[in-house]
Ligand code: UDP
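One chain comes next, on its own, written as structure tokens: the form predicted on its own.
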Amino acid sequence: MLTTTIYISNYNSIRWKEDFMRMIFDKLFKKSYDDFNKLLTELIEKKQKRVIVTANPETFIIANTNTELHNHLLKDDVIIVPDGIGVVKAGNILGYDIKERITGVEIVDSLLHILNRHPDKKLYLYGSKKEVMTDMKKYVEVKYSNIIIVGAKDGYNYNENEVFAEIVKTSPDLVLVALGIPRQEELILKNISKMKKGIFVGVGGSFDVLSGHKKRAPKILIKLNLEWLYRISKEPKRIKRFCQNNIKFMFLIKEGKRRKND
């Protein structure tokens, strides 16, 4: 409670950039997970080029002050999806009809399923710790054996410019980057123009979950939209980050709505 109170006491100094927020909400994918899965299938089969950004409250908070990231998010080849119940609830407060949240883990597994149905499709994995990357590569090789892995580099032992040069050279159909926001998005959006095709996704901690290094919340908690609570219970140090982003985000949303109604 003390931590939460300290952060809330500082919110009055934060500028509400309503145009910034609403432009992202306007672009946000608002349909169901099944609809999004159909879109992914179409994009891959037609060899389209897209960047998928899994937006949680932290994404909005960073974009509220980071003009470069905000402008990148609004580009035509970027698809923003609501990863987090906080984004769905905030959208509803502002009058947007967002069907459901679509998590990064679900997106990654969907994309791998789609690629696996096409034996000629190529995958590039980049980011996370070395041991996580090793097990993530094994996970794909065992569960999605039709996929051709053209690269698997961890996020600690390689030059990022050299990695993306290799990505351009190998021309994968799917690139998953686990470096955390906003670094992963900035790197992807910096290099996307060099590619002729490919789906690029900043996946955050999805490699940790899929590789087995971290457990995802029980299904009942996921269904009740309480996955965030499970994460905090397993990693108490997350509470500071939660207060800095999720609570701040909802405060800004409600404050923006109040000002609009005044």
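Note that this is a predicted model, so its numbers are computed, not measured. Note that residue numbering follows the sequence shown and begins at 1.
Only in words, not in the display: the form predicted in complex with ligand UDP, which the text now covers.
- Relative to ligand UDP in the predicted bound form, residues His113, Arg117 and Lys121 are all farther than 4.5 Å at every heavy atom.
- Distance criterion of 4.5 Å from any heavy atom to ligand UDP in the predicted bound form singles out Arg183 from the list Lys137, Lys99, Lys89, Arg183.
- For Arg238, a non-hydrogen atom is located within 4.5 Å of ligand UDP in the predicted bound form, even though that partner is not displayed.
- Contact check for Lys31: no non-hydrogen atom falls within 4.5 Å of ligand UDP in the predicted bound form.
- Contact annotation for Leu179: at least one heavy atom lies within 4.5 Å of ligand UDP in the predicted bound form.
- Ligand UDP in the predicted bound form comes within 4.5 Å of no heavy atom belonging to Gly104.
- Figure note: of the listed segments 65 to 73, 199 to 207, 221 to 229, 42 to 50, the one touching ligand UDP in the predicted bound form, with heavy atoms no more than 4.5 Å away, is 199 to 207.
- Contact annotation for 115 to 148: residues with any non-hydrogen atom within 4.5 angstroms of ligand UDP in the predicted bound form are Gly127, Ser128, Lys129, listed in sequence order.
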